[in-house]
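Only one chain is given next, in structure tokens, and it is the form predicted alone.
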Amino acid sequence: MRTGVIGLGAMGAYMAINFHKAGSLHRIWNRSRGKAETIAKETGIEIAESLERLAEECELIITCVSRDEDVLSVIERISASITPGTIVVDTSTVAADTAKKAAEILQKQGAHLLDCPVSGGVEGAKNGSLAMMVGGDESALDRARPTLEAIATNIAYIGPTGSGQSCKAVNQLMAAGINQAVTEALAFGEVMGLDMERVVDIVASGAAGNWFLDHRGKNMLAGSYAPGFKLALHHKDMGICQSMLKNACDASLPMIEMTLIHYQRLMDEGYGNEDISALFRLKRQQLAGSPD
């Protein structure tokens, strides 16, 4: 399928490159043209003159932007020229209600929206090994799946529109809990005076082992927080979880509230663009009393 990618940040850029390698990338577009020019130079793919023109020319459109309002703005613009039958795959992380609004806009033009948030971080986007959680029309997914396999090795249909985003909220809440547990445990180990390199090796091989410890543990100990997933974006996602939960049952969860407070403190200190593992900075300060 002729594929267009809208949004060429850390995730979207690698998605575009992988679609190009698979032979399906047709057009690209980004709000700041510099990023689009970088991908155009690497792939030889033309930058679309506008969002509207990209929508005219592509059968499959991938959107990868940061916030709910950005998703709806893009959808409004492409809906003006989109061809009936076109499939829009939104890989952004937004509220389920936002996905439903976007689907309604496209449905009026005879096009389909699949809300397809992804997990796997920058590494997964680069390696084409993302996990994709899909909400929407399953028959539309069946049409798009062969093309989407260029960026995702696990594509799971979850249910009607909005289900993909609800599933991603589960993922993001679980990631917050893992981040809290791993960073706090490592800070505890330091206070105990342990050789933490050895601790990470042995713990990672046992029942408490996990992806986050494997891929971030020793970097944290070295004070390195290069972004795989930016802390400020996870803070945004926790806000989405908080809002979705309140709308569903007017309740709150301690993990959401605690993570929002901790992330906000780190953002206020200027660490919002670091990886979420930068939470270790705060845990170290709390337990050892010494700033990183």
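Remember, it's a predicted structure, so these values are computed and weren't measured experimentally. Sequential numbering from 1, following the sequence displayed.
The form predicted in complex with a small molecule exists for this protein as well; it is not shown, and the discussion that follows is about that form.
Partner contacts here mean any heavy atom within 4.5 Å of the small molecule in the model of the complex, and among 249-257, 262-270, 54-62, 30-38 they occur only in 30-38. Only one of S92, T86, T161, T98 comes within 4.5 Å of the small molecule in the model of the complex through a heavy atom, and that residue is S92. Proximity of A22, A140 and Y157 to the small molecule in the model of the complex is absent: no residue of the three has a non-hydrogen atom within 4.5 angstroms. At the 4.5 Å threshold, heavy atoms of V74 reach the small molecule in the model of the complex. The small molecule is not shown here, but in the model of the complex it comes within 4.5 Å of a heavy atom of A10. Of the heavy atoms in L233, some are within 4.5 Å of the small molecule in the model of the complex. Within 4.5 Å of any heavy atom of the small molecule in the model of the complex lies no heavy atom of A144.
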